[in-house]
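For this one, two forms of the same chain are given in structure tokens, first as structure 1 and then as structure 2.
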Structure 1
Amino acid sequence: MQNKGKIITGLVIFIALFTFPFIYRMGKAAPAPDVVLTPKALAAKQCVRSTDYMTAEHMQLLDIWREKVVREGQRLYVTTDGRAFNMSLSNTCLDCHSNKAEFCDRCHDYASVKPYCWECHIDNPKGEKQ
């Protein structure tokens, strides 16, 4: 084999880069984070949509809400089971989920998502002490 040193070095670097996630973790488990529901959220039992829908598609709902409120001037959201809500991140979502750090941020940090909601909205509109 000619140029043995160079080829083996290149191969080792490639394998190290490719298996980097395995090396980075060193066999330590990294389970999904637990989100904390506030007593108010627990008491309400059901969010505006099913839990499955909210887990996967809440960002879509928020985007549509923003479109409706800001561009079409509609504020009323009626759920499929007939409950009515004010389409508002600060006044409706954060009313129950007032614990952004233990609710929103845990999953967002885990999945490296940086939502731009908080560029305009403050995360604690009522100024409650947490």
Structure 2
Amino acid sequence: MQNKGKIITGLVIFIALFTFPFIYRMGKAAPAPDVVLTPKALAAKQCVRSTDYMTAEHMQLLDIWREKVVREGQRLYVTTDGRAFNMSLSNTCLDCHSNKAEFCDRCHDYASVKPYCWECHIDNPKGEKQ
């Protein structure tokens, strides 16, 4: 009990040092990166789904596509407005969004996610210069 004051002082200093980075950065999150679209994507003006949906739910859509293509052999995706797309990350998505470093990687790095898409799919299927 003789060291009670030293222990409490040490705990207060430890808690202050440990929480300082969190308190200092509170409310100062880095802004989300701007999406860089290719000229082809800009000319298309419309993606497979709405921009809001694709921003938030693209991985779920890609998972559904993977299941349909691999498990059921279905390759055609028809949107609610009747447009048809080939369910292909390499040939449909990367046809408009061909610059993986500027389009995919910027957001994935910001969100600290490591998608496993590129374990099987190549990021530049047509060999275009970036």
Partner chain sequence: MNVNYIFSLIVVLALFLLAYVGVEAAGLQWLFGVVIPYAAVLIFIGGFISRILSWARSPVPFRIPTVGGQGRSLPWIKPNPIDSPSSSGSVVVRMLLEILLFRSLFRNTRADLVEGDKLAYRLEKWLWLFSLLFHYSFLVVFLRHFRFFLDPVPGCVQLLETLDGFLRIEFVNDAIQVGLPGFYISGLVLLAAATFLLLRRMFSAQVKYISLSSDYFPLFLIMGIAFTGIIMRYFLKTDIVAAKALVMGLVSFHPVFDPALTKSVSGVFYGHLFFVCVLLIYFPFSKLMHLGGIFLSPTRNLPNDTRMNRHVNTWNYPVEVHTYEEYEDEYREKMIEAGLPVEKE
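Basically, rigid core = biggest C-alpha set you can superpose within 1.5 Å across the two forms. Residue 1 is the first residue of structure 1, and the numbers go on in sequence order from there. Values in this document were obtained by computation on a predicted structure and should not be read as measured data.
Each structure shows the same chain on its own, and structure 1 is the form predicted in complex with its partner chain. Core-aligned CA deviation for residue 27 between the two structures: 2 Å or greater. In a rigid-core overlay of the protein, residue 116 has its C-alpha displaced by under 2 Å between the two structures. Once you line up the core between the two structures, the Cα of residue 13 ends up 2 Å or more from where it was.
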